[in-house]
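Presented as structure tokens, the chain that follows is alone, the form predicted on its own.
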């Protein structure tokens, strides 16, 4: 059995973002980088399945991007993936979700993957489109926003989170693709022995130009910080005094009590 898990490296959300010189994306200077949080759930689920099924399973991790994404790849290897593919692309951020999905699909189409795992969405672009587009191009069944996963004899039982806290259960035959989110599992922390073992695992590097055949269907036209709309007002004191202050402000500043 062959498994593929697709990951993305994104900036730490505590970073201070600013537009790049062209104003169409964020500047990558002075940013800390990490594996996309949703992709960590995908890696963990793929590794759990590999551990359940044994040594007959091959688990590959794939990532598209510049040299820095190798750090995220190494973390996935240390979590338990067997080998890796780095699709070298210095300007991956400039490609739309359709192009990213197309690159993955072109790579995977003749590899015979039974199951593909991705994160629900990336934390920077947040399109939630890449996974389902990969499935569409490969002709795979797909299920999104998983909070539960089981596999038995070529059948995936997936629990999805729907609106209002409702859960839905879907059964699919392989080959299939699933997108993973918070609540599915608790990603493991790579141990030192596994980190050392991961250094011996193979990382194949491919040029994106050898795989990219799709033209973009969408373009990011601007990236900017929201306009500040004034400050708030902090009130301090006893409750009775605060109530009077709030009522006074509402009468003076708004029409709520008029």
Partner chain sequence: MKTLLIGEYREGKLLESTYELLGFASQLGAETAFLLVANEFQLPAYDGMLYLADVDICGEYNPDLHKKLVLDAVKRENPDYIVFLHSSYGWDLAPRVAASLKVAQISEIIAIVPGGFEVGSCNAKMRRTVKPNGTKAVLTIQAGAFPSERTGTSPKVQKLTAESTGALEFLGYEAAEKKDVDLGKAEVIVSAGRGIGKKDNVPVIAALAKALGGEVGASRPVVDAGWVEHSHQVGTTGQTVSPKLYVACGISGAIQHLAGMKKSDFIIAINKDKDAPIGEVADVLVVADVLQFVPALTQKLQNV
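We call the rigid core the largest set of C-alpha positions that still match within 1.5 Å between the two forms. Numbering follows the first chain given and starts at 1. In this text the structure is predicted, and so the values were computed from the model without any measurement.
The same protein has a further form, the form predicted in complex with the partner chain, not shown here; the description that follows concerns it.
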Check: Closest heavy atom of residue 222 to the partner chain in the predicted complex, within 4.5 Å or not?
Finding: yes
Item checked: 4.5 Å heavy atom contact, residue 109 and the partner chain in the predicted complex -> no
Notebook entry, point to check: Taking 4.5 angstroms as the cut-off for heavy atoms, does residue 98 touch the partner chain in the predicted complex?
Noted result: yes
Next item on the list: Answer yes if any heavy atom of residue 233 is within 4.5 Å of a heavy atom of the partner chain in the predicted complex; otherwise answer no.
Entry: yes
Check: Which one, 207, 218, 203, 195, lies within 4.5 Å of the partner chain in the predicted complex by heavy atoms?
Finding: 218
Notebook entry, point to check: in the predicted complex, which of the stretches 23-31, 63-71, 49-57, 195-203 has residues with heavy atoms within 4.5 Å of the partner chain?
Noted result: 23-31
Note to self: Just to make sure I understand: among 13-33, which residues lie within 4.5 Å of the partner chain in the predicted complex, judging by heavy atoms?
What the structure shows: 13, 14, 15, 16, 17, 25, 26
Note to self: Given a core-based superposition, decide whether the C-alpha of residue 248 shifts by 2 Å or more between this form and the one not shown.
What the structure shows: yes
Check: After the core is matched up, is the C-alpha of residue 19 off by 2 Å or more between this form and the one not shown?
Finding: no
